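In structure tokens, one chain follows: the form predicted on its own.
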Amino acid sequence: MKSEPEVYSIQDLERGGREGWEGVRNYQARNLMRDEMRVGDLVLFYHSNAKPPGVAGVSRICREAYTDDTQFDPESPYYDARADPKNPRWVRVDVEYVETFEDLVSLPTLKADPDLADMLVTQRGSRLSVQPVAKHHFRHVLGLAKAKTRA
């Protein structure tokens, strides 16, 4: 899951402990959250639009998909005028803090690693804020980070 660190960082999650992952407005990303994410799933927390971008830590899904109410709030940057409260279009999941890596695993590091060549985040044009990660890639990134977390 990607977030711009100036909007919401792994440090923000560590301070708060738990947060709703709101504002996802891409159908493919929404479908991944709605259909694939389950309580207990580990998540790589990625800082995007940073210098350098990269994996900053680990979080865990602690609540499965539910209605993202920001879609109905005209004051929210995530407002969707076409959203229908009777048939909500957008969902969120809740994540909880697990670990901050001592050193960011940068995107250039991920791209340079041949074992991660087919990981989605290393692919050109891969811009989804929520992406699936194969278990062997997840474990490899944890190894690069010298993480305490085990998957």
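All of these numbers come straight from a predicted model, not from anything done at the bench. Heads up: residue numbers just count along the shown sequence, starting at 1.
Only in words, not in the display: the form predicted together with the DNA, which the text now covers.
Comment: 120 to 128 is the region of 120 to 128, 92 to 100, 32 to 40, 60 to 68 lying near the DNA in the predicted complex, near meaning a non-hydrogen atom within 4.5 Å. The DNA in the predicted complex is approached by residue 46, whose closest heavy atom lies within 4.5 angstroms of it. The DNA in the predicted complex comes within 4.5 Å of no heavy atom belonging to residue 86. In the predicted complex, the DNA lies within 4.5 angstroms of at least one heavy atom of each of the following residues of 94 to 117: 107, 111, in sequence order.
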